[in-house]
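The chain below stands alone, shown as structure tokens; this is the form predicted on its own.
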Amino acid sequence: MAGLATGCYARLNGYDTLLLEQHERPGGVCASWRRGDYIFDYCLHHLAGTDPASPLHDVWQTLGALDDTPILNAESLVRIEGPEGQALELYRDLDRLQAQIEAMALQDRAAIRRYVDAARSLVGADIFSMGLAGPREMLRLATRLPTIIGSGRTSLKKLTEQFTEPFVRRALPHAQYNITGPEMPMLPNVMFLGALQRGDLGWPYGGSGAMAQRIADRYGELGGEIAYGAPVREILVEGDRARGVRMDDGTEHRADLVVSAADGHTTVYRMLAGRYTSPIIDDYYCFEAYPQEQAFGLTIYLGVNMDLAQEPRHLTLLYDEPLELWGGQRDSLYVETMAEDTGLAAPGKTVVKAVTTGAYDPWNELRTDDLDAYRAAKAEVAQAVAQRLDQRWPGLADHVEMHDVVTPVTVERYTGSFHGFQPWSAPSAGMRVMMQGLTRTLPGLEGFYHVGQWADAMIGLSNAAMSGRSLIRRLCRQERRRFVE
């Protein structure tokens, strides 16, 4: 996404460009693939900028990402269900959300109001577009600083300590994509709820792969060139200036500027052999800093011959009896249902996507030692998930027609990303990294730039796209030319 955005904005501003894509299709992790009557979508959950009033919407329109694509807006962020039939649904209508929790836990009215009011205060603050904000928008954001700072310092786990109702206490830590733990702040959750109330965070029909292809088509219309199946081995450097790249087959491409949209570890330590780094970058990628396990590390797809169009799009299931999966137990599961209306399933059928934590090392060791055992373990995971979801949708296990399992090793093979993970928070110089990025440029190296989630140590499809736009805007400013967008 960052490379495609860089290419589009570069062409709009008169730069000659060549995008080198190691895979046979565009998009990187913004990917989907067909299995029979089903399309399995890896990336999109909620897309910031689907609201036409959002500045991000203009970016997506410039990139051709949305065009006239229908946008699906779910009724809620997630429905959290307990093992005894309890349910808490985080509705996009905040008044409805407040009334629901009060009906469940009237004794916790003060805590409920604090939680929902934090989301209400962010309805008018488009934090997702902060990188595009002008003076007026920044002033509007400044008035929300107390909520932003307070919610950033309070974890979802800490929030639940303000409640006395047992199920609410159990459910709320799972409120944001089922990412739990003391390190998960409340801020993303109330940001999402505020954005949903505003009419943002929809889902474009056809999903990730279709969206990436639209942007690639837009880039082609602008005169840009993409070489597919073109993995880069190294960045060519002469006199501490990037001069081009050498491909895996030994061919070279020379350029005035080199921009990497690959992950940071591959870029810094393989393509540049670790010659241009810093203590902050080394700290970020050291063994002690990077996570051994990550949320969204394991994704299970089931193509089900059942119509689940009336079911919640986003669902978290809590278990008393843990779900046994290869590599450990899970006490909860985040699930998305995508029926015919999403463009991902044939009429009467549904893609059921389950997401949970995943660790790189054990999956990598298994695949390295015994490929057949690795494939068997993935099949066992798919079967175990289908059997557990059969409790929620009786008969589901018997109606699975297709399945697939994505491990961190799958992502690493497909995209090259370090351990198949998403970026994590910087262990040192956190505020500096937040403001200046991690590897947008590298110390001592001229003519080189890095874009994407890894360059900023910040996740999000919109952040990746904005990083490409920001780079070309910066280059135009340096050359004293008008930035075209």
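Bear in mind that the values here come from a model prediction, so they are computed numbers and not experimental data. Numbering starts at 1 and follows the sequence shown.
Below: the form predicted in complex with a small molecule, not depicted.
Asks: So which of Ala262, Leu90, Leu302, Leu196 reaches within 4.5 angstroms of the small molecule in the predicted bound form, heavy atom to heavy atom?
Replies: Contact with the small molecule in the predicted bound form is made by Ala262 alone.
Asks: Heavy atom within 4.5 Å of the small molecule in the predicted bound form: which of His45, His57, His419, Arg440 fits that? Just give me the one.
Replies: If I apply the 4.5 Å criterion carefully, the residue I get is His45.
Asks: Looking at 138 to 146, 390 to 398, 72 to 80, 262 to 270, which one sits within 4.5 Å of the small molecule in the predicted bound form if you count heavy atoms only?
Replies: Stretch with heavy atoms near the partner: 262 to 270.
Asks: Verify the contact flag for Ser470: yes if a non-hydrogen atom of it lies within 4.5 Å of a non-hydrogen atom of the small molecule in the predicted bound form, no if not.
Replies: No.
Asks: Any of the heavy atoms of Met466 lying within 4.5 Å of the small molecule in the predicted bound form?
Replies: Residue-level check for Met466: no, no contact with the small molecule.
Asks: At the 4.5 Å heavy atom threshold, is Gly348 in contact with the small molecule in the predicted bound form?
Replies: Although the small molecule is absent here, Gly348 would stay clear of it in the predicted bound form, with no heavy atoms inside 4.5 Å.
Asks: Flag Gly460 as yes or no: does it have a non-hydrogen atom within 4.5 angstroms of any non-hydrogen atom of the small molecule in the predicted bound form?
Replies: Because a heavy atom of Gly460 falls inside 4.5 Å of the small molecule in the predicted bound form, the answer is yes.
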